Structure formats: structure tokens, C-alpha cells
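First comes one chain, alone, set out as C-alpha cells in the form predicted on its own.
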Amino acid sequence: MIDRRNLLGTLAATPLLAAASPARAAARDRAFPRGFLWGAATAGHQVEGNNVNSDCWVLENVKPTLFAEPSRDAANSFALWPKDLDLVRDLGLNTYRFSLEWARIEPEDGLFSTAMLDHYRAMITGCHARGLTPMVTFNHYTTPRWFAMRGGWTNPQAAGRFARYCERAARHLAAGIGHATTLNEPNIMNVLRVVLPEPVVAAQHAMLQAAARATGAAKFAAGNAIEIDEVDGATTNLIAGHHAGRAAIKAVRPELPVGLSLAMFDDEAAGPGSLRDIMRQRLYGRWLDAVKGDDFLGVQNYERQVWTATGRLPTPPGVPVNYMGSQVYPPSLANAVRYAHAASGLPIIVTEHGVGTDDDRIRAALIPAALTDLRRAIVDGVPVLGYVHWSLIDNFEWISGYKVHFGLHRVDPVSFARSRKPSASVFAAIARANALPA
């Protein structure tokens, strides 16, 4: 029963409610799904520092090398990971994506480090203490030196070795993980085979030969650097590794969502006879079949490619560009996500998206624009579970060294102090509201 005071209060509030309705409707039009994962990402080798047992450490320090400089201390995140988790929390995010370093956990074949497993368990515990969901990648490119010295992913025994590592890591860590990916961009060599100029291919060959000599290996094949003519065979072993790794993790904790992430362009067709569909098959086809049975697919998108009948169109003049001179094109993310879901049938998590640039205004403009298109895809029925920005902090960007900056935070190379960029506040406002700006 409504008493007099409640009735009067209800009547008095009616005009206010009516006036508020359009505002609430507008807010709903900007909102993301409840429980949406908002995160930032890092990768072990790129931020931890002194990953001396890894294949990448070898490549950085041989002559000749493609690497502009060695990783050295990186962002010193092996020691400063609590500060990094504080950055994620202070942005109002609810997810932190980071990777385990296989070379730390299994520095020699079959020798597992309890101390290193405890280190990553402390990170997982630290996430939960700050209200963050740990999204953990079991292998983000880098592999142990001993693995690379045996041919890496070109070795038919690679899948079994990876599954053994996944099982041991999962037994120690899986209870606290929110989402797991086995492999980060295992199709990267398929992509590089298409986009690398011939001089770089030749330089990579010389670097791998130097690494083999330096380590006394008959063949040295790194996690993200192998001979171009071995890509197809390595892909077969990587697919087997993903399946075996997924099974090993699921055997420990069956309900843990497990997937992998793929490097994906926004591939667009231009003119008659476009190569787009041929290139999609070459870049992603085997992997989009391989992920059937996964719980989700991670999409990592940074740019688009417009394919004619003869190749890729150049960057149009007068547009914002990234450090490589490629167009910064906000619809690229949603377009890649739509294709990934249509081709795989899986729910999607954007496990990486961002831009390498020293002009933070470009990043600050990209984030809301790309998320506007991503939300349209969600409204259209694409099941997108979350968005994780690359990267939380400026880090070691592989062969480019420290010259390229993707971070929401700067890192002082001497003191390792982190400082927030304006783009981080733009992202934080969206994440806190779980909605696009008005």
C-alpha cells in the first residue's frame, strides 16, 4: 500500500523522471555490456628485464642482429610489478593482461623453478587484491634458449614440450587466473612473411645463423624469428602446441576459459580481383580453423590493409599515421573483430589494440573513436567480452628497441618512474563509466 507521503513524493518526482528519461536513454546508447572487461596489457620480456635464458636475449646480443638495442633492464617490471598493478587499478580498469616467461619457469629442459612460479602466483594474488581479473598468456613469443637451440617450433617435439610446461604452470597458477591464452599471435610469422621486405628477411637469416654459432646449435629458431621457408611447418607444430597446451590447462582446471590471440589486420578489398580473401586465408586461415573448440578468440589489431588485385594500397596522404607510416584508422578494430567472429564463431576479446606514436594526441583520439565502432559491433550482435589496450607502459618493442612508444604511461629509463599520459585519462574515463563519453 502507498501512503500519502509516498504518493505525494511519487507525483512530485514524475516530471523529474520524465525529464531524466532521455538522458538515461542516451546513457544506454553509449554503454557497454555489464561485466565488460576493461584492461591494459604487457608482456614479460618487454617489461621485466634481464630475461637472460630466453631466445630473444640471444638474438639481441649477437652480431649481426636486427635489434636496434638489447632489452637490458626493460621497465624493471620483474621487481616493480606491484607498481604496474597499481597503475591498472588507478585507471579504474578491471583486468590486467600479462604473460608468464617460459624461460624463467623452465630455464633448462625439464627443470622447473618453483621460485619463478611463486613470483607469477604473487602477481595473480596482487591482481585479485586490487580487484583486477588476471588475463594470463602462457607464451608471449619468447621461448627458452634451450628450446630455440633445438629448432624451436620447427621441431616436431615442440608441442609436447610446450604442453609439459603448460601443465606445470597451470598446476601452480590456474586457480587464480580469469582468462588464459596459450600463445600470443602464433600467426605472426605468416604476417611477417607477407610484409617484411627482402633485405629484412636476409638480415633475419644472418641473425639466426649468428645465434646458432653463438650457442653451438645446429639450428636456432626463436619464438618470433624463424626462417621464412619454415613458416608452414612451424605453423603445424604451433597448432599442435595450442591444442596440447589447451588440453593441459583444461586438465588442471576444466572451467578456466582458454583461447589464443591472433594478429589481425582490417583487410579490405579494392577493385576487381582483389587479393583480400586470398590474403585472409594466408594470414589467418589455418588458425581460424584451429581455434574451433576454444572458449574465446583474442583479436590484436593495429591497422588495416587495403588489397587490390596486385598488392596493398599505400597510406593515403594527409592522415594520422603510426611510427611505421601506416594510417591510424579507428574503424579497423571493429572491422577485424566482426570478421574474426564471423570466421570462428567464437566470442571475442580484444587482447591488444593501440598505436605506436610519440604524439599522444593520436592515441587519445583513437581510443574513443575505435571503441565507438566496437560498441556498434556489439549492438549488432558480435559477442565482444572485453577490450585490453596495448600497452600499459612504454616498453621494449622488439627489434625497434625503446624508440617506439605504445604506452599509456611513460617510463624513465634510469629511475623506472612511471608517469601517466593524457590518453590514459581518456581511457580511464570510458572504463570507469563502462560507456562512451557523452
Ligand code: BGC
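Counting begins at 1, following the sequence as shown. Note that the structure is predicted; figures quoted are calculated from it, not measured.
Although not depicted, the form predicted in complex with the ligand is the subject of the following passage.
| Partner proximity in the predicted complex: residue 140 to the ligand, non-hydrogen atom cutoff 4.5 Å | Taking the distances in the predicted complex, the answer for residue 140 is yes, it comes within 4.5 Å of the ligand.
| message | in the predicted complex, is there a heavy atom of the ligand that lies within 4.5 Å of any heavy atom of residue 106, even though the partner is absent here? | response | Although the ligand is absent here, residue 106 would stay clear of it in the predicted complex, with no heavy atoms inside 4.5 Å.
| request: Indicate whether residue 302 is a 4.5 Å heavy atom neighbour of the ligand in the predicted complex. | output: Yes, residue 302 lies within 4.5 Å of the ligand in the predicted complex.
| How about residue 54: is it within 4.5 Å of the ligand in the predicted complex, going by heavy atoms? | Result no; residue 54 lies far from the ligand in the predicted complex.
| Looking at 391-399, 407-415, 58-66, 365-373, which lies within 4.5 angstroms of the ligand in the predicted complex, counting heavy atoms? | Correct option: 391-399.
| task | Quick one: from 71, 95, 184, 77, grab the residue that has a heavy atom within 4.5 Å of the ligand in the predicted complex. | result | Selected option: 184.
| said: Just to make sure I understand: among 345-363, which residues lie within 4.5 Å of the ligand in the predicted complex, judging by heavy atoms? | reply: Contacts from 345-363: just 352.
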